[in-house]
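Shown below, as structure tokens, is a lone chain in the form predicted on its own; questions about how it binds or moves come after it.
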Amino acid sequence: MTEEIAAVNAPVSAIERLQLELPELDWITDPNRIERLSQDFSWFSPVLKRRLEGKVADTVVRPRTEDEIRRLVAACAKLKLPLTIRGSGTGNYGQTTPLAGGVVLDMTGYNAMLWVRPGVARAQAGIRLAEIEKATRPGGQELRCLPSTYRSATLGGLFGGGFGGVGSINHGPLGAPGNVIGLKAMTIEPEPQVVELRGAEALRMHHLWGTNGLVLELEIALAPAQPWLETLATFTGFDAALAFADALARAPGLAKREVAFFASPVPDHLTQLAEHLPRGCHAVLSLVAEAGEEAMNELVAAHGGSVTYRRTAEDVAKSNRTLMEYTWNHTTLHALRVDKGLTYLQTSFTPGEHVRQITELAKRYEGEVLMHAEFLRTMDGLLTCSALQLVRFSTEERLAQIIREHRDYGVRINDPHTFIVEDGKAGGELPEEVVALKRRFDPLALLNPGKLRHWPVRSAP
């Protein structure tokens, strides 16, 4: 009897109070699901895998309406509960892993397509990118930029944790002016405010991993849709393959959506494409407008290559299989499935110097750092490459040394082995206007604590 009375009088935790206050919300309480929804693809990094082990939310909630989100946010603010925003968890840096427990806010139930107009569309943050293209393609439009994870990745996740992807060869990274037109965001306080941000001000929430605002809707620019021809061209020599990739990327008369360079032995790790990739070859993956096929084939022949894989847009639509899912960090995923001893880097090369830099670095780290480069335009519109090199991991010390040596060589490394924003993509202290936005939208410092250098982790109540 005494034990029963004690149980009745046991103090209620902040999480239990939250769930009691909002019983109508879609709460996820199964420990296995909570653990899964507290993770992303940070296991790509052995450093992050170690540092994030055991970090899980106390609960996960999946709201469906703005009112549900508002009531959740208000209650979390009153209870001082940490709040970590999540899309589909396709990020790679532990963006959605809570360091202080609390609540993971899964936005995937908040996923309406709001409208499509010439050159622009607006949708709720939890919509999957593939669903946006389903809505825009009938009107002859497509996304300007989409990651290789587009089938599952959400619009808000791309904005909060992504950089670029397929299409960046034309339109640059997502943060380039004109790609994101505006957004609607909610403040994290007992009386949440909903605010519309436009243009440059909206981009102050970009790639901040949901640390300085809860994005509800995004308005993004679109591009005219094309029937894309998907091809693999293979070469026996590194220099010829890289020269072809660069020539194709630079060719002004050839419309393209994607050009990726895989130096040997990277193609050997793409086992699902093995019949099209001779062992030991160097390969270039591309999406070129079907009307440009003849000109592209002439470029392949001029560089001594062979087209070993060819699929029209109709073929791709019928099969629902696309080479886009072998690009960007999907390349890393496919390689890790073959060799779990690999990890990766993220390197930005100098426009006009990228071919030389790629060649020199590939030779310097031959056998240890395997070259995979994606052609894109910079924020200034200059053509260059970003590399997602595969690295044969030995020790954390050696990995840190490789990163230092790349930086000493004169190229930028966006460190993918840290969960601190300033130490990774930001590459230094955040601009004051970004910090000011953090204070404005998260005055209680509850959003994804521990991911910004000057906002440390506080334990959940």
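These figures come from a predicted structure and were not determined experimentally. Sequential numbering from 1, following the sequence displayed.
Although not depicted, the form predicted together with a small molecule is the subject of the following passage.
Using a 4.5 angstroms heavy atom cutoff to the small molecule in the model of the complex, none of Pro267, Ala283 and Cys385 count as contacting.
With the partner removed from view, the residue among Leu214, Leu323, Ala260, Ile132 that has a non-hydrogen atom within 4.5 Å of the small molecule in the model of the complex turns out to be Leu214. The stretch from 132 to 140, 359 to 367, 161 to 169, 229 to 237 that comes within 4.5 Å of the small molecule in the model of the complex, counting heavy atoms only, is 161 to 169. In the model of the complex, the small molecule sits within 4.5 Å of a heavy atom of Trp328. Using a 4.5 angstroms threshold between heavy atoms, Met107 counts as touching the small molecule in the model of the complex. When the small molecule is considered in the model of the complex, Leu254 lies well away from it, no heavy atom lying within 4.5 Å. Remark: Phe244 does not count among the residues lining the small molecule in the model of the complex, judged by a heavy atom distance of 4.5 Å or less.
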